[in-house]
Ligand code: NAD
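Form predicted on its own, single chain, as structure tokens, below.
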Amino acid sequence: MALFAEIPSDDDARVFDIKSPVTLESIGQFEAATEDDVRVAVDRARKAQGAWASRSFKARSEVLWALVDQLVERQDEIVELVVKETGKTIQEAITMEVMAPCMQISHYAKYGPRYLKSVTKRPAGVMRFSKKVTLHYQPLGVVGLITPWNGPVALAMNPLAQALMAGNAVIHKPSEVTPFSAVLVQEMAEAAGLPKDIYQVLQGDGATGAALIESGVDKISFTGSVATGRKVGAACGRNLIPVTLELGGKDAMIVCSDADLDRAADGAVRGSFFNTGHYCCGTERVYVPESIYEPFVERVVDMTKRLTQATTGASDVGAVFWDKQMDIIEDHMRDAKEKGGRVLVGGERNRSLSGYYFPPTVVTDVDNTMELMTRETFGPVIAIQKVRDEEEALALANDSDYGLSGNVWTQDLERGARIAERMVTGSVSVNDISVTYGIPEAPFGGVKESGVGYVNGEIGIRGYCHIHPVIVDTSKKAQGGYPYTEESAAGMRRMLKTVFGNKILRKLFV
């Protein structure tokens, strides 16, 4: 049964019905925004953006702080809707969709003014004596935000807060799989005092997203799959607009021979099963030296068997959010079994529950011939591979088309840091699951197929700006110029020889 499907309408409108992965019952319909709808929204946003950009940083921060208040006050409403849309557990809905946005928005409300403050300095070289350069961080204008289904509130509010703090207006196209959370976000933003048309939500599918990219916006911030990210990047390149692509991952976990096995096993379980495995920096490959392989696997299996899965009440692992993702998980598992993978826990759809549920699963005897180890599974599966030592683990970890994040487990923190530095990936955590996205100061971005550009931190929020240098000449008279003469050319030669021909002076002038 498709959880997202187009249904007949009385006119030419494209209407879609959404079903919950928990109950398989309809939770509502929406009408997809057309190209005309998108153009009208962008026009309204552009007209409103100037007044918003003219507000002080303090005034913008006050709106963000009020948005945090809305998150706290309406947390029960948020959790109820997100659980209905996605089937994630109540605990993870609170942690990921309420607490994480509170932390992120608070960070940019407090530190955004510091990140975006104009900076004045003297340039290097000989120009320091006559020039002054000021870097202004000007808003780009109207930002198009395209967000995924695995974190419908969190992965919308974090880039939204950065774009708004930078002075932009935002047009948001949420995932068609989880379209209703964004409407709630818009309601909260309006209740927080955000002016009309500064943040608009346009529900729709891929056609709506394509229309947004072609609508004349000044940047696209996209979070989603590699395949769609390629199309988004190509379209933005054709339109000569900046783009941030936060794409998929296949994060590797390296367990060193001296690791605390209980702690590392707990990390593998949390890293693989959190959010039903539906997060881009989830642990998808675990490499364990043969000297500790058996006891590590035993601990992982024991912890996994204790986890619960239920459609109501408290449970540990939620539903698979989307039927198409269930297809991918089952395809990867089928391929792994056919090629010799050994399932120790789970491995088949949980048909004792009425919705889309795949149990927490542990697979061993895996290798790089399997899709489970090479393509993004995005599901609740721990795939553990035995290796000779940490060097082989590192080589296998780097042998991937992806490079978003990863983690290393060891009691020797310096050793862990050295291994982490050699991992070809956007970021690495030592003795924790990949937590980079949750630390606002840390730039978050991938290498290889995992993305382009950065979100978060100073570099992330400045990505919603045009860095505008203003250079002022502070000298009392004109510097050089016409007419060119033999004497002026000779003077330039003498200056070059005196300054740059002298190994000491040239270091002082740069």
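Note that residue numbering begins at 1 and tracks the sequence as displayed. Note that this is a predicted model, so its numbers are computed, not measured.
Not on display, but discussed next: the form predicted in complex with nicotinamide-adenine-dinucleotide (NAD).
> Considering nicotinamide-adenine-dinucleotide (NAD) in the predicted bound form, find the one stretch among 227 to 235, 293 to 301, 364 to 372, 125 to 133 with heavy atoms no farther than 4.5 Å from it.
In short, 227 to 235.
> Of the options V82, I213, M165, I198, which one has a non-hydrogen atom that comes within 4.5 Å of nicotinamide-adenine-dinucleotide (NAD) in the predicted bound form?
Among V82, I213, M165, I198, a heavy atom within 4.5 Å of nicotinamide-adenine-dinucleotide (NAD) in the predicted bound form occurs only for I213.
> Scan T276, T86, S175, S434 and let me know which has any heavy atom within 4.5 Å of nicotinamide-adenine-dinucleotide (NAD) in the predicted bound form.
For this set of options, the contacting one is S175.
> Using a 4.5 Å heavy atom cut-off, state whether F444 contacts nicotinamide-adenine-dinucleotide (NAD) in the predicted bound form.
F444: contacts nicotinamide-adenine-dinucleotide (NAD) in the predicted bound form.
> Does nicotinamide-adenine-dinucleotide (NAD) get within 4.5 angstroms of any non-hydrogen atom of V269 in the predicted bound form?
No.
> So in the predicted bound form, does any heavy atom of T147 sit within 4.5 Å of nicotinamide-adenine-dinucleotide (NAD)?
Yes.
> Answer with yes or no whether G340 is in contact with nicotinamide-adenine-dinucleotide (NAD) in the predicted bound form, where contact means some heavy atom within 4.5 Å.
No, G340 stays farther than 4.5 Å from nicotinamide-adenine-dinucleotide (NAD) in the predicted bound form.
> Any residue of 219 to 257 with a heavy atom within 4.5 Å of nicotinamide-adenine-dinucleotide (NAD) in the predicted bound form counts; write them all down in order.
Contacts from 219 to 257: F222, T223, G224, S225, T228, K231, V232, E246, L247, G248, G249.
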